[in-house]
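Taking the form predicted alone, here's one chain by itself in structure tokens.
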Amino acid sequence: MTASTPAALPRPDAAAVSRTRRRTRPPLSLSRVLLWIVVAVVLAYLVFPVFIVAPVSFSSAKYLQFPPPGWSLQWYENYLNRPGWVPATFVSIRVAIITTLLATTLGTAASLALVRGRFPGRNAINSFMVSPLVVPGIIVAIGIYFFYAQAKLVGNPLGLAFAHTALALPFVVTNVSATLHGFDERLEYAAMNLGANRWQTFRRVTLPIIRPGVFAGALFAFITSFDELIVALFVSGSGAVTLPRKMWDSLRQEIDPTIAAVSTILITLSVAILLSAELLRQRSERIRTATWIAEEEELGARE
């Protein structure tokens, strides 16, 4: 009498698993409700200044007043027509673009070396790469200033971009490394077995898959440079006045709703970039989930 082999059970797809998980969520408890309340209060506290600054930027008053007595676009017109504001914005954009290109290129290369490489001191180098996130900004600014003063780079937009690159590099390394940890290296081996060299493999196989992480890191690098103030105060001089530096000088000299208009523009830009980074992160998660499902199906077929 021969024993019959049980048939393989069908593998549920990801959508069905996700729906089952949503249906089997535990009921809300008192602790979870309190946690959500605390989170909501903290978020409201953090977002509350936006609900003050944005309406004031459209105020018809001649000084900062909330609630506004009327509505007007005069402070946005003042931002566009008043000397110094628009040139400072263009300086910030140029410096941020250079910073993004440098930080994305160097950060992607560093991530490949740190994730794929096996060499002594790799953890120490990784800690050094992300150290600007831990070291206080004022210490970094003072160190950069003393170095730039000797190299005669104070007031040079390119020097400011180099300084911002050091600050933005950890964001690129973190995002690209997270994407590389979920990357299937067998795809690269297959491409090289088919005759592709390392550069062709990176350009046609690796980069398209890790592109969401690279783009997210580039967006964070741009916003880090565009919003940075402390280093700009030390090394921008008179030849590389950025928009945050101009806002600081305006607050020291006079306070009018123009600063609220500029702040609203910066807040809108920051929110747009952060939403874009979140969309790219979700796309990267979907790609990794699809890869995981394909691997599971391949293993199931082999079994």
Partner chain sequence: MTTVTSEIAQAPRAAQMARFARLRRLEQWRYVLLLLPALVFLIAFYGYPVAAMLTRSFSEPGWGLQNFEPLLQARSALDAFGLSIPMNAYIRVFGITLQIALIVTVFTLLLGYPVAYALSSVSPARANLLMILVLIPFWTSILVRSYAWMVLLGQEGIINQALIATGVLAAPMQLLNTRLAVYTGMIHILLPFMILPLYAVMRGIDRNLLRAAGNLGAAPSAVFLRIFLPLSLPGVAAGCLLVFILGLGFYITPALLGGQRDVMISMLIQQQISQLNWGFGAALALVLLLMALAIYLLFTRLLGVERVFGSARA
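Only a predicted model underlies this, so the values are computations on that prediction, with no experimental measurement involved. Residue numbers count along the first chain shown, from 1.
Form predicted in complex with its partner chain: not shown, discussed below.
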Could you spot which one of Leu80, Ile138, Leu73, Ile97 gets a heavy atom to within 4.5 Å of its partner chain in the predicted complex? Ile138
Evaluate Lys62 for contact with its partner chain in the predicted complex, applying a 4.5 angstroms cut-off between non-hydrogen atoms, and reply yes or no. no
Is there a heavy atom of Thr165 no more than 4.5 Å from a heavy atom of its partner chain in the predicted complex? yes
Given that the partner is absent here, does Val33 sit within 4.5 Å of its partner chain in the predicted complex, heavy atoms only? no
Contact of Pro157 with its partner chain in the predicted complex (heavy atom, 4.5 Å): no
Any residue of 212 to 240 with a heavy atom within 4.5 Å of its partner chain in the predicted complex counts; write them all down in order. Leu219, Phe220, Ile223, Asp227, Leu229, Ile230, Leu233, Phe234
